[in-house]
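The chain below stands alone, shown as structure tokens; this is the form predicted on its own.
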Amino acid sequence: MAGAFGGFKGCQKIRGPQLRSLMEAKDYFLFDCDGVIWHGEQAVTGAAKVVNALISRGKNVVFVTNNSTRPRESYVHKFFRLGFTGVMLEQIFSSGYCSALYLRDVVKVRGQVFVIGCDGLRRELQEAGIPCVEEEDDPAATIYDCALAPDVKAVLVGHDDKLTFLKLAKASCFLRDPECLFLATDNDPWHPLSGGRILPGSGSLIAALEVASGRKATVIGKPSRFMFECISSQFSGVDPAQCLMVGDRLETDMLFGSNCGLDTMLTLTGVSQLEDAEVYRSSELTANHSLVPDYVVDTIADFLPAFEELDEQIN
């Protein structure tokens, strides 16, 4: 694990002087959104104050989300609507945006992309100049008689709340071509809803296509390193040792931080809880240790007293 706070690292709850020292030591703060910054249309109490205070103190704040359902412009509006007044477009890195960069700048796709995903994902691709298959299927069409778009060079899978069996079947057909890329915005298995219900995530769709195609998808979002490479390419001088990744999911946020050499912080306002992290910490499988956070807070609002202490020192 990265960083210089070995005396109190390793799935340890921190606050007060330790949290203040950590904030002073880091230049970049990477935040997941869902479960950390907000729940749906409700901001986590104190989150806006924390983010605005970090920005006003000259810290670099970046938002790294696997949610590909909305374009970055929509995120800017949501941040402002929920009281995060200083957030700019260039601070937002969604799996949809990074997928567009990957297709345009890394693999330099030359042809159409077949998208399983929401309109927000398509918009990110279109703004990057990536041609998408644009076709409306007849409700009565089946894979036996429908047309298949020509020149499809990649299949990109994200969250799709209008998924049909025909979309899966078409994607499976395109993936029979070994030259056709198989990409996924993220592999989150599920997302929590109110009342104890869950929403299947992109990972469940990927699994279906991996079985049908006999291939493995290249995942662009967390925990892949590519999202951090996107940040590094757009912010000069990013040093992993000066970064803190704050998230609510061990298998994505904490693993992402570990993969990228970042210090990690788990906030208990989302999916994973302290007991989950302790299970991974005591696991005999070394790979599971990469899912253990360096630090734990109940909520990112725990930062607020540290700001107050810093202000008192200045005054």
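Since we're looking at a predicted model, the values are computed, not measured. Position 1 is the first residue in the sequence shown; the rest follow in order.
Missing here is the form predicted together with a further copy of the same chain; even so, the following discussion is about that form.
- In the model of the complex, at least one heavy atom of W190 sits within 4.5 Å of a heavy atom of a further copy of the same chain.
- Within 4.5 Å of any heavy atom of a further copy of the same chain in the model of the complex lies no heavy atom of P71.
- The closest non-hydrogen atom of V106 lies beyond 4.5 Å of a further copy of the same chain in the model of the complex.
- Contact check for R225: every heavy atom lies farther than 4.5 Å from a further copy of the same chain in the model of the complex.
- When a further copy of the same chain is considered in the model of the complex, only one residue from K216, R81, K162, R110 comes within 4.5 Å through any heavy atom, namely K162.
- Between a further copy of the same chain and the residues D239, E135, E127, D145, the one pair within 4.5 Å by heavy atoms in the model of the complex involves D145.
- In summary, the region of this chain contacting a further copy of the same chain in the model of the complex, judged by heavy atoms within 4.5 Å and restricted to 216-224, 239-247, 96-104, 199-207, corresponds to 199-207.
- The candidate spot formed by I55, V62 and Q91 lies out of contact with a further copy of the same chain in the model of the complex, as no residue has a heavy atom within 4.5 Å of it.
- In the model of the complex, L168, A169, S172, C173, R176 are the residues of 166-181 with at least one heavy atom within 4.5 Å of a further copy of the same chain, listed from first to last.
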